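Only one chain is given next, in structure tokens, and it is the form predicted alone.
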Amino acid sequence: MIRVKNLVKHFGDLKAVDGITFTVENGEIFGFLGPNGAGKTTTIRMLSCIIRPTSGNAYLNGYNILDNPMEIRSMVGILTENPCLYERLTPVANLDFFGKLYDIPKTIRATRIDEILEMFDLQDRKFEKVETFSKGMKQKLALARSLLHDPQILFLDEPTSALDPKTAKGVRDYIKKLSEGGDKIIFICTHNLTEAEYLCDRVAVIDHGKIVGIGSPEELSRDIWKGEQVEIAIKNYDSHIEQSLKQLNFIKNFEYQDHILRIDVNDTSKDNPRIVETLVKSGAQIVSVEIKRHSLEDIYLNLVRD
């Protein structure tokens, strides 16, 4: 797991990261969201032992970033937003070089390189110089490099940027597949909120170096809007139905407009069955029942107001 405790990083007078604390469990896909300059990349650089914090600490699978940088570097893989590759070398030569740095034995290294190039559909170009590749192909090769040593923790900074829709979907599907074993942490920084909503079990939103919200989208939505809302389309709404709803003391508020009954409750999964049962007993002709979902974009824009 990852455990971050009061992590701080100053660059001169700038507080890039300002006392953040959070945990990430094995098997999670964890989203780290925030505007440019919020502290996302600085946090990743500290957690992967590229830079040292000003104060605070973090623990990755029991090792701390202050005392065990080599152990941590061996267990993490990183895809940066601007992948750096040796462009005059081929994909095979690039991966072989980084495989040596990770002390992957030669016999295993060759097999692993073939497997990972096949995985990212780069086998046909494996002996061509990287400088001839498109931006999307370079992105795939950089992701392949980050996975070469089968890391326990994977940091991905904008993993599908510059990829065409088909390739981006393939990368998203592969990220999902990686998490299925339950033994890896995938830590994603992205501005693509739709992608984060699809991939992530939980997200943290950071703004001006501070975490302003953390949890699953459902948890954050309940925290912000103090509950959930269900929308029920009804043909024959009348005063009898209205009086029946007033008898349900768990309903916080409700209104009927344009044939839609909107009801605010704390937990729709628990309260919806009782609401529907009450409406049916009151003679309501229900057309549809829909839980009003706040998107991750709604949540993000509420938390990052400026």
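These numbers were taken from a predicted model, which means no experiment stands behind them. From 1 onward, residues are counted along the sequence shown.
Missing here is the form predicted together with a small molecule; even so, the following discussion is about that form.
The partner is absent here, but in the model of the complex a heavy atom of His191, alone among His191, Lys138, Arg109, Arg172, sits within 4.5 Å of the small molecule.
Contact annotation for Glu195: none of its heavy atoms lies within 4.5 Å of the small molecule in the model of the complex. Interface residue remark: Pro35 is counted as part of the site for the small molecule in the model of the complex, having a heavy atom within 4.5 Å. Of the heavy atoms in Pro53, none are within 4.5 Å of the small molecule in the model of the complex. The small molecule in the model of the complex comes within 4.5 Å of a heavy atom belonging to Ala16. Partner contacts here mean any heavy atom within 4.5 Å of the small molecule in the model of the complex, and among 246-254, 260-268, 39-47, 53-61 they occur only in 39-47.
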